[in-house]
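In the form predicted on its own, a lone chain appears below as structure tokens.
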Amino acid sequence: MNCLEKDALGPSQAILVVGMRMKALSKLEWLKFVDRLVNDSGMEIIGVKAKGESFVFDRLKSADELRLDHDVTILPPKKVFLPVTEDLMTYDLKGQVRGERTIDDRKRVLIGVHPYDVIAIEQMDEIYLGSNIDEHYASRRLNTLIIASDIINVSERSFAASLGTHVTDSGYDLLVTDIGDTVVVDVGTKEGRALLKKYGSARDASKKEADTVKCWRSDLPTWFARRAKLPSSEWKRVLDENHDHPIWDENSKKCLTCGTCTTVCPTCYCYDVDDKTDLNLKEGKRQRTWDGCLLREFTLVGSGEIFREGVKERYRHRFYRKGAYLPDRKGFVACVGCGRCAYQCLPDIADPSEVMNSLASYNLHKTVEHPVPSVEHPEIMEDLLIPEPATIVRKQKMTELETLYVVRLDSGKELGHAPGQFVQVSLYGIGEAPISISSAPGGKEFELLVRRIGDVTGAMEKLKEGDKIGVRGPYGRGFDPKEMQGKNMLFISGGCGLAPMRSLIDYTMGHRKDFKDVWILYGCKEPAAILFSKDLKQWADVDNVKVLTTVDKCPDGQCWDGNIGVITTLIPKVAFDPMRTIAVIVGPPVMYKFVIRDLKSRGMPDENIIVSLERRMKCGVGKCGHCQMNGIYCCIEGPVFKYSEVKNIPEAF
């Protein structure tokens, strides 16, 4: 690359040199600068080091270890800000069970970050420092200075130049370019300027040195062997038009579902959370670990359903999340062309450039859109992932599997929930689970119906009145009773679906004059599984309220003189005006399509059908990724939806 012989840059060259900011050091002074950082700054200095024939970000012991000639690192620098495993809090199981937040506030300098990785970090900032700031990520991010490095050697699988991510003019404190005997430094922030002044001996860069950097960046795209045919601005359109493209079948048959592609990706941010109790059984840590949507149990819920069961669906979701869903939500394609996924994928089906190039050449287009409902998301200002202590006030066994808990926050404040919202319930040493709130809003006590189906719910059954739990929330979009006022109400629930629905029914009964006729249809497997039987009788005694119940079967030894059959057998027994009636449906996943089918056959508009959907709402704030249905996060856009909002969402039903 003979930069000094190049002509002046043309108007199409998006080059980012600002002369006033350019500094320069001799190669010797640069090495001294790094050594001073390592030995004198008191900060943790992380840079690119060789590991065999590959490169990694690791702690530097001296400047001699630093490699600015790397093509790509095995793992991206996101691991500095979102570690593979990190402690969110410590908990104490002695006496009063409690948890305390763990924050890593060490000062760091990160050296050798390529422009595409800088841009990926900026995308991560949008996720973790945007709405609902993640304090753990924020502490690391705000205490780390980034010394970026221009690309000297291009990775053979990288297509960053096609995306414009081979250069950047933001996101760094210092940006260095190794031009041989000299290292040219672009000062990006006042913190970077102060760092360079304190530990380095830099001078103003000469015009020749600045021009060399300009030419280097201008020529850089010609070094990339890989190219994407489409600009990133076109990815969403092409993906929307190719939801049924044969490539999803072809490639998914080769997929090992190992999740390596998401592990090495600089823009993947999904995670899981687990409790790790020490061997002394007195204390432990709640830890966050990387997770990935290619793994089978990523969408597993407590009742056993996996909502993205097929390999094809999981493989396709990875590309749509990056190229369609995040552009919808955040305005950027979550791929920076680094090529790591292509390097690591054994069957070689992970390369986004190859997939998008195949889609761009496809002629049969059938557009499938995945709109995200417009929902106002409440801001959580602090302790995003830290539970609030609460006490079990009362405990009532409902059935063999279900127990009702009356809970009060130890702070004495009201929970402040809306009907249909949920909370995350913590049992330290066991974990955390989302539980729907089954009581109407108001008062300092709230009720949770818990079914014994997993580790948390199983351990919760052993608790006694007066025992402590942790509570986060309330979360999600609940029902909007005001929007339903003046209408007939048709409640249709199955099994445990009556629990979140009960919060809305109780609200309706408490504001009876605001609603017209009410029908409550409830079904379960057998008479012994009926929930809230006392409530059902009380609701039936209210004027203009009709309660109909059914069971799938009545085993020998159980008494039942009511309807036998699935929940849809009750719908013909109700005479309702579909245009003046709101139908609310909550139940097991298999129930929805049949109930909705029968309501539609009666002429009910999509806008009048309200559903509450179950997903693995692990974090509650739209960051961990487990509850995502196509482009929608069930924990923030839901769990309550109008059917019209999700009827065309392939993963909703």
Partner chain sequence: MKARVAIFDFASCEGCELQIVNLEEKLLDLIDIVDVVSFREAMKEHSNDYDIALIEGSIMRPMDEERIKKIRERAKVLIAIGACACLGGVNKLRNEWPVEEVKKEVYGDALLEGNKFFDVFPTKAVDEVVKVDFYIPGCPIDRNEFAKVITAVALGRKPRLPSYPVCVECKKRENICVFELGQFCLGPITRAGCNAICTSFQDGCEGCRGFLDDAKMDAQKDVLRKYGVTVDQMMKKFNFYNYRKGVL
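It should be emphasised that the depicted structure is a prediction, and the values quoted were computed from it without experimental measurement. Positions refer to the first chain, counted from 1.
Same protein, other form: the form predicted in complex with the partner chain, not shown, and the subject of what follows.
Review point. Where, among 26 to 34, 600 to 608, 56 to 64, 580 to 588, do residues come within 4.5 Å of the partner chain in the predicted complex by heavy atom distance?
Key: Careful reading of the contacts points to 56 to 64.
Practice item. Would you please decide whether P389 lies within 4.5 angstroms of the partner chain in the predicted complex, comparing each non-hydrogen atom pair? Key: Close contact is absent here: in the predicted complex, P389 is far from the partner chain, nothing within 4.5 Å, heavy atoms only.
**Study point:** 4.5 Å heavy atom contact, E402 and the partner chain in the predicted complex
**Key:** Residue-level check for E402: no, no contact with the partner chain.
Check your understanding: Wondering, does G52 line up within 4.5 Å of the partner chain in the predicted complex on heavy atoms?
Key -> Yes, G52 lies within 4.5 Å of the partner chain in the predicted complex.
Exercise for review: Check whether A540 has any heavy atom within 4.5 Å of a heavy atom of the partner chain in the predicted complex, and answer yes or no.
Suggested key: A540 lies outside the contact set for the partner chain.
Point to revise | All of I103, T168 and V187 with a heavy atom within 4.5 Å of the partner chain in the predicted complex | key: No: no residue has a heavy atom within 4.5 Å of the partner.
Point to revise | Among the candidates D150, D134, D275, D173, the residue which, in the predicted complex, approaches the partner chain to within 4.5 Å (heavy atoms) | key: After the contact test, the surviving option is D275.
Exercise for review: Could you tell me which one of M398, L75, V238, L196 places a heavy atom within 4.5 Å of the partner chain in the predicted complex?
Suggested key: Spelling it out, the residue with a heavy atom inside the cut-off is L75.
Practice item. Note that the partner chain is not shown here; using its position in the predicted complex, name the residues of 271 to 301 with a heavy atom within 4.5 Å of it, in sequence order. Key: Going through 271 to 301 in order - heavy atoms within 4.5 Å of the partner chain in the predicted complex - the hits are D274, D275, T277, D278, L279, N280, L281, K282, T289, W290, L295, R296, E297.
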